[in-house]
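As structure tokens, one chain now follows by itself in the form predicted on its own.
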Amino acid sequence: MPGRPLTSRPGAVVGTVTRGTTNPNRLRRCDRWIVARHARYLRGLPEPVVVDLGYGASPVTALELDDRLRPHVPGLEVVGIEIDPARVAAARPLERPGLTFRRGGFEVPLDGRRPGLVRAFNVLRQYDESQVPGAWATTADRLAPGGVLVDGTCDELGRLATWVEVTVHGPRSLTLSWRLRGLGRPSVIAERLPKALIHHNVDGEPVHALLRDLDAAWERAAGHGGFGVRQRFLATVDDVRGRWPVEPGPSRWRLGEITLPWAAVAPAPPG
């Protein structure tokens, strides 16, 4: 795993209080992806635990994650973790069987249990890029075998979202997700890239080339717009997949979502 853990002090709360702004239904795109990609793995765990890390001033995203994932994972436990004790106190009246809240940070305090998945959205966006590898390493070190950290960013209403899938070995994939209705061009998602990539949307960087190629393909697919924006997007992805290893297939593309291996978009080495 690249990056050193942020702290080695036992019992330390790792992280800083962030703005905490959130909205209902903001993380629906990522939650849908989690169900499709990770529910089967979570069902195979003896004690399936999922964490909503840094849920913010309102616990609504933790409640929604529980609602969306529980029908697919019997025995699921969802834990909302926040570093601000006032936010934890405000959330606790909403606890219910299988959903609890506690104070903590990237160290993911679960009394020795290991989560199969940790979702952290719009948290690392408020840190320096240099802190990202350490935060990834600290959290990934707490995961169950085969578990993942999902580090993401989205706009206020969840119309544009991106997230990195991180394992104990490092980042594995990048997913980009658009609300297709009203989409002007794919590169509008640039302002919602995760912290590890947002400053690399410049000439010479892979993520910049990806967004440039998506925009060019979107223009070439303009004729498909007469059949609807979804058909135009499908034609766009079909165009670029000869140059980019887009996965997994049209069933996800129809949702306005593409996933690529992290190696395809990782920042270029310095120098």
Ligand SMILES: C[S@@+](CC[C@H](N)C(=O)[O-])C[C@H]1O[C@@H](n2cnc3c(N)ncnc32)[C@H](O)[C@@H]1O
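Numbers for residues come from their place in the sequence shown, where the first is 1. Quantities reported herein were computed from a predicted structural model and do not represent experimental measurements.
From this point on, the text means the form predicted together with the ligand, which you will not see here.
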How about Trp163 - does it come within 4.5 Å of the ligand in the predicted bound form, if we only consider non-hydrogen atoms?
no
Partner contact for Phe121 in the predicted bound form: the ligand, 4.5 angstroms, heavy atom:
yes
Could you confirm whether Gly256 comes within 4.5 Å of the ligand in the predicted bound form, counting heavy atoms only?
no
In the predicted bound form, does Gly158 have a heavy atom within 4.5 Å of the ligand?
no
Considering non-hydrogen atoms and a 4.5 Å limit, which listed residue (Pro194, Pro115, Gly105, Pro171) is close to the ligand in the predicted bound form?
Gly105
Where, among 175-183, 141-149, 195-203, 80-88, do residues come within 4.5 Å of the ligand in the predicted bound form by heavy atom distance?
80-88
With the partner left out here, which residues of 24-42 have a non-hydrogen atom within 4.5 Å of the ligand in the predicted bound form?
Arg26, Leu27
